[in-house]
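Single chain ahead, written as structure tokens, the form predicted alone.
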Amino acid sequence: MDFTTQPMPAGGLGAVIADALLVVVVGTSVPPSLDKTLGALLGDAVAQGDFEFKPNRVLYIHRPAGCQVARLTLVCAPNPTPTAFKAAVACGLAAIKAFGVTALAVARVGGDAMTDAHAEALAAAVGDAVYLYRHTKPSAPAAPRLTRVVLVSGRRESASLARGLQRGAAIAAGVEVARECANRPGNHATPTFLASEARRIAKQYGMKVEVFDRRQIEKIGMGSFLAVAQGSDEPPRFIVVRYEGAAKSKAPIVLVGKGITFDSGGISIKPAAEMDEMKFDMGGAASVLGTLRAIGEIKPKVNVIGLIAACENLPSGRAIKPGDVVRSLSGQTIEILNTDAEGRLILCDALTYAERFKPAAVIDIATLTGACVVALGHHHSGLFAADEALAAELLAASRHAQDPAWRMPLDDEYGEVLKSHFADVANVGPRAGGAITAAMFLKRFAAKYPWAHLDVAGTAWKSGAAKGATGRPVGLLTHFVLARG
């Protein structure tokens, strides 16, 4: 997708040349800044009752009189924020995406001058609109023809908007990587597939990559990770990707992704209903790959290491059983009371492995608990952080990226329920506060560096009619990395 900016033509929006023009109208009346031609068209539509100044109301006009474009779409935004702009653009795109538009011009009238955040929001909305999964669906509709988007603006805004479009396009490409990986079924998106995707991204952007097989993982000492993997015939993979954008002496940011490519629950098997959605249980790993893709494009001056522990969680004669005790890479032993609490078992070894990089910060990302969905629903990701400054950075990144997160507690008292008579720690506690006790388990393995945990079980994918991966939290993670660069 080609994103560019264009100064407002001397003749106003009516003089814009494109296959289609999408105008976001801010406010509750026809803005005085709207040129005479479009102002008259909008005013007439309001008078005829065809348009109201209510959020995301859409008006489509074919071959509007006095305009160079054949297709004009006007959408109302209730306020001038980037969030409202993104929502309005999304509505406008939905109205025209079936028309075979190749080149689209987008403008906003009313409100203050646009910022780079508006430009980034535009790229995100376009990325969402044009993505369509088709890898295992030959009958899927043809790919959208849209290949060029021009943001029309005032001349003084152009440089800032160009930066925002560049950043937004890179993040949108990263989101697409994450969505595509997570949407593929478990017999396609295997641990081996994730390793091949990591290699592809690393090769494209000059990153370093290492992929460890079962024997090498065992040699490292990742007993907890391998315990989860042992129930499946599909070989596990531990993936290390290094982006080096700064001096080697600069401590890296480490992103750790949960890569359970299918989660049956193991011996503690899940109910059959909606188990197909457990192909999305590698959403954390997918977001790490997507973030690496985004920063590879932007090239910030920072060092980033992606760690992905990838395997399946299946029941078999070799699978771990409730009551089994395993030894983690840290040396701590773990009593496995529930084999469906497997994500924390692979993450704990990856968090211990992260110590060798002497990181500036470590963030793990996982579709970890249904309890987090109960607590926060599908809008906010759960943020757990033992470091106040790191928590503040991540919350700021979530706001800038329009990828919201909500901080959850990590009081020491929550960890009391993880005591075990037969090991150093149990992998689950009681049902109450399950997202918090899961984070408390991980915290035990992340004591040697600033650490945060993102539980994206409610935000990494959607169910129902819109079933599919969202690509979150690629935007949040990318903004966090860029702020450090």
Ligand code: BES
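As the structure is a prediction and not an experimental result, all values here were calculated from the model. Start at 1 and count along the sequence shown; that's the residue number.
Keep in mind that the form predicted in complex with this ligand is not shown, yet the notes after this line are about it.
Only one of K270, R199, R242, R71 lies close to this ligand in the predicted bound form, with a heavy atom inside 4.5 Å, and it is K270.
Among L368, A88, A229, L122, the residue placing a heavy atom within 4.5 Å of this ligand in the predicted bound form is L368.
Interface membership of E342, defined by any non-hydrogen atom within 4.5 Å of this ligand in the predicted bound form, is confirmed. Taking the partner from the other structure, this ligand in the predicted bound form has no heavy atom within 4.5 Å of any heavy atom of T102. Contact between L442 and this ligand in the predicted bound form is not found at the 4.5 Å heavy atom cutoff. At the 4.5 Å threshold, heavy atoms of T83 stay clear of this ligand in the predicted bound form, well away from it. Looking at 317-325, 262-270, 243-251, 145-153, the stretch with residues near this ligand in the predicted bound form, meaning non-hydrogen atoms within 4.5 angstroms, turns out to be 262-270. With contact defined as any non-hydrogen atom lying within 4.5 angstroms of this ligand in the predicted bound form, the contacting residues in 266-282 are K270, M278, D281, given in sequence order.
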